[in-house]
Structure formats: C-alpha cells, structure tokens
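A single chain, nothing else alongside it, follows as structure tokens in the form predicted on its own.
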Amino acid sequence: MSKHRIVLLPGDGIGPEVVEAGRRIVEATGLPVEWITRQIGVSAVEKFGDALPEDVVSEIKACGVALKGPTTTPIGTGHVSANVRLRQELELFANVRPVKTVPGLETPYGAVDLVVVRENTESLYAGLENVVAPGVVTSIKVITDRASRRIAHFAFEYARQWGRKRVTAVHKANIMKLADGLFLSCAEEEAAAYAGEVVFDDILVDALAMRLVKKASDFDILLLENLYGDIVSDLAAGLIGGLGLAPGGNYGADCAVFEAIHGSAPDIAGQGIANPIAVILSAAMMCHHLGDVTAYRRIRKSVATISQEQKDKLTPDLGGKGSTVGLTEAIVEEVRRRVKDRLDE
C-alpha cells in the first residue's frame, strides 16, 4: 500500500507537544504515512527570518495535506499571522470546525452537534488596513461574489456528504447592507439547487450568539464569513467544554490543512499538561479526508471511550490530573485495540 505524504507543522508553544500526539494516533490506526516535518510561526522567524518559509507552501502543494499545530502571532506588531498567510497562499477557502459534545464531558448546554463553515480568505482578514491620519485607521472589509458563492456551495455539498439537513447563513446585512447583503444573496442563490434536500435559513450574528447559548441544538451547519466564523466557532467550542475539544480543517481545491482551533498557549508550553484532544480529532478529520473513514471512526470512538472510562487520564483543563503524554498513550492503546478487534469497520 502506498504511503500518504503528510506535511507535519509542529508550530509554537504547545504545538509540538499536541501535534506529536496527533502523529502517534494516526500511526496507531495503521494509516500508511510518510511525514515531512517543517517549521512555521515564531520558530521559523527565528531560524529563517520568515513565519511561513516558501518551502512549506511548496511542500504542502506537493503533498496535498498537512497536520498543523498552533502558531503565535504578535499582537499589534511583528510578523503577519502565519495562519492567515497559509490560508491565502494555498487558497484554503473553507474552514470547517465541527462542534460536538464529547461523551463523558457533557456541559450544562446539552447535546451539541453542529458544524461551523467559515469563509477563510477575505472579509476583514484581507489585511487591508491604513493609517489615514494620526489617530485614524481604516480596516477594509472585502466580500466578493466569487468567494461567497464558493463557500456557500461548499457548505451545501458538505451537508449532502455528511447527511446534514440544514444550513444557516449568518450575517449582519441589516447594517452592512452591501457587504453582508452580497454574502447572504449568494447563499440564497446557491441554496436553490438543494431545495427539498437541505433546508436553508439565515440569522443575524448577534442573535445567533444568544440562541447558541440558549439552545445550540437548534442549529446544524452555520455558514459564516471570515470574522464572524472566527468568533462564533470559539463561542461554540465553549458550549462543549472549551477549545481543547474543538478540531478544524481548512480545505482548498487542491490542498487541506488540519489543525485545532486553539492557540499556542505559551504559558503552559513544556509543562506536559496541554490537552491534545483537539489536534487528535483534527487528525481524525484528516484521515477521513484521505479516504480512511474507518480510521476516522476509530479515533473519535477511542477519544470517547477514554473520556468516559479513564477520567484520571484527562488533562487539568478537563478536570483531570493527567498529562499530554499519558492521555495520548491511553487513546493510542484504545485505537490499537479497535484495530486488533476490527471494530468500526
């Protein structure tokens, strides 16, 4: 069986610790992999003078897939976000963030099972900022017909592939009538091709924030432009217990990069207590993308088994006293058991 060539991007802070966990889990499934390790973020700036070296982009283009750790972006100064640049240079236009309650780690918000589909290349993240006068800065929001239709089409196709029944466009078209109005109208037009198969509706982003907290089960797939998607996906992650449980994938026409949605957490880096579950679940998404649905199921079910039956292994952010390595090892052993017993096939 030929090996999948996967670029491994450890990143900054806790990145190397949790990405190593993801790597071990993937290997435990038996998926044949050749890893190509590259540096991005602060570590790359220090070594190469660039947060996103050219060889990283070219390597991902050649392999078509990467598993990535979080990177640190200076606030208000310093280098441009490696994440934003990576998404733009590879045109990873769709950011998918499944938000699902992890068994054994239920929260007061009830059972949550929704997917945030976020446009990944424009909006305020286009990076068009200017100082127009002392003390006056403009930041330009860019919404295009092309990008809006593309992400809407992706959301409806995702619903079809995963058997989901509803797509809700999230906007502020009552205020930004042209920009958000364009995003909404493109979604409405794309929805017409799925009438009778996928229900379509829309909601103001502020109303969504309230309704997610009150009853997240009202929603299935959320379709958002870039900034709203960034904010709402963090809010949604809070409903299931935090960013440490929320995986993510970035998809383009030719490449996909999988990563947790949390940051680099430099305050706990090197202490061995970082929660690896978000990256592990992101690795599961990667396996699915590579065509190994059984590996995807085994990883998700292994996480669920450990989170219910071995709570002592959980990291401190989840109320346990375990370590990154200890929790990873427990999940690895459960994956191996499932492989041996031919479960989830």
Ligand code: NAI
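Quick caveat: nothing in here was measured; it's all calculated off a predicted structure. One rule holds for the numbers: they count along the sequence shown, beginning at 1.
Omitted from view is the form predicted together with the named molecule, to which the following refers.
At the 4.5 Å threshold, heavy atoms of residue 252 stay clear of the named molecule in the model of the complex, well away from it.
Looking at residue 50, you'd find every heavy atom of it more than 4.5 angstroms from the named molecule in the model of the complex. At a distance threshold of 4.5 angstroms between non-hydrogen atoms, residue 244 is in contact with the named molecule in the model of the complex. Looking at residue 121, you'd find every heavy atom of it more than 4.5 angstroms from the named molecule in the model of the complex.
Out of the listed residues 142, 268, 227, 205, 268 is the one that sits within 4.5 Å of the named molecule in the model of the complex by at least one heavy atom. Interface residue among 72, 168, 233, 148 relative to the named molecule in the model of the complex, by the heavy atom within 4.5 Å criterion: 72.
No residue in the set 26, 281 and 305 has a non-hydrogen atom no more than 4.5 Å from the named molecule in the model of the complex. Of the candidate stretches 205-213, 174-182, 188-196, 271-279, only 271-279 contains residues with a heavy atom within 4.5 Å of the named molecule in the model of the complex. Taking the named molecule as it sits in the model of the complex, the stretch 79-114 comes within 4.5 angstroms of it through a non-hydrogen atom at 83, 87.
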